[in-house]
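Shown next as structure tokens: one chain only, the form predicted alone.
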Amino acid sequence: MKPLIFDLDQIKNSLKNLDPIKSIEEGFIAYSEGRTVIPPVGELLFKNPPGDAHIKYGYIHGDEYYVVKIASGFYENVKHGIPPGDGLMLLFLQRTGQLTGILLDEGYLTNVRTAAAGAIAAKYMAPGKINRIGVFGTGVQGQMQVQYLTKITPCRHIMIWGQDIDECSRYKEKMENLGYSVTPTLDPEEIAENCNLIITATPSTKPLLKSENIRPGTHITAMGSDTPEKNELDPLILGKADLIAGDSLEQCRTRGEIFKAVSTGEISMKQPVELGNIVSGTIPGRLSDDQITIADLTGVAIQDIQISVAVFNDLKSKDKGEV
């Protein structure tokens, strides 16, 4: 049996018919209920030039497929006119182990499932009224995280932080063309003062926000720290938070903002809850608009499983594959 192979254009067309947020919500619930097999992340870290490659894989008990995802991020590629991310998804039949599908998504599905997870975190953890969205990071996730919030909040006001004003200006132009109002800043404190939903979407290895600047009622979705070296939040912020949720508490033991805060003694692993348990209603999400809430998204294979299976089944049903 030869696998069906689908390219990026086919994948993007398929996504128009799907609801990634719903699929990934169901995946988070399955993960937190113990209905999945998700081994530890495989990763390669590179220093010259800086980059990383992740291998994430697993399956849901009783499903048709198991999935292996390979995705990379090389952040200096933009200097050479090359996209920073690449990758593909491989789907195998659980009952036989045969390779049945290859999604040549070039890392796009990783971006989609990450943005969808950010929307899910905001749905259950952000304040009822969002006055302005603060974004750290002018790249793909800095844009997509905001775009996927359209189903969660009517807010279209953004304050963007970047490395320099040119980065911010390019982001401003792109997002204003999509109907957002954008205020650039190079001062992280300005975002903390003016935004009650903050997204950190950078590869930073040093905290971008300080604890003393975080106001009551703020929600932060931190999704850049997907390796042990990365760190976007001052661990003291987690120490003052009323609710901390991780996409995978097992992964958060070794990477992400929870890992950093536990390492410095600001919190213990008994404090964070798992996002899937909030989605299912097993654990409450935000209880008041005065709470400080944090979602630590390290990226879990269940997201890759859900998005790739949904896309593959849609494309297969239309017989668009090349055999």
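Quick caveat: nothing in here was measured; it's all calculated off a predicted structure. For every residue, the number given is its place in the sequence shown, counted from 1.
What comes next is about the form predicted together with a further copy of the same chain, which does not appear here.
- Residues Gly58, Gln94 and Ile102 are all found to lie within 4.5 Å of a further copy of the same chain in the predicted complex, as judged by heavy atom distances.
- Contact annotation: Lys2 falls within 4.5 Å of a further copy of the same chain in the predicted complex, judged by heavy atom distances.
- a further copy of the same chain in the predicted complex is not approached by Glu33, whose heavy atoms all lie more than 4.5 angstroms from it.
- Interface residue remark: Glu106 is counted as part of the site for a further copy of the same chain in the predicted complex, having a heavy atom within 4.5 Å.
- Looking at Val140, you'd find every heavy atom of it more than 4.5 angstroms from a further copy of the same chain in the predicted complex.
- Checked against a further copy of the same chain in the predicted complex, the candidates Asn77, Asn194, Ser169, Thr153 yield a single residue with a heavy atom inside 4.5 Å, and that residue is Asn77.
- Interface residue among Ile283, Ile29, Ile70, Val262 relative to a further copy of the same chain in the predicted complex, by the heavy atom within 4.5 Å criterion: Ile70.
- Only one of 270-278, 47-55, 293-301, 250-258 lies within 4.5 Å of a further copy of the same chain in the predicted complex by heavy atoms, and it is 47-55.
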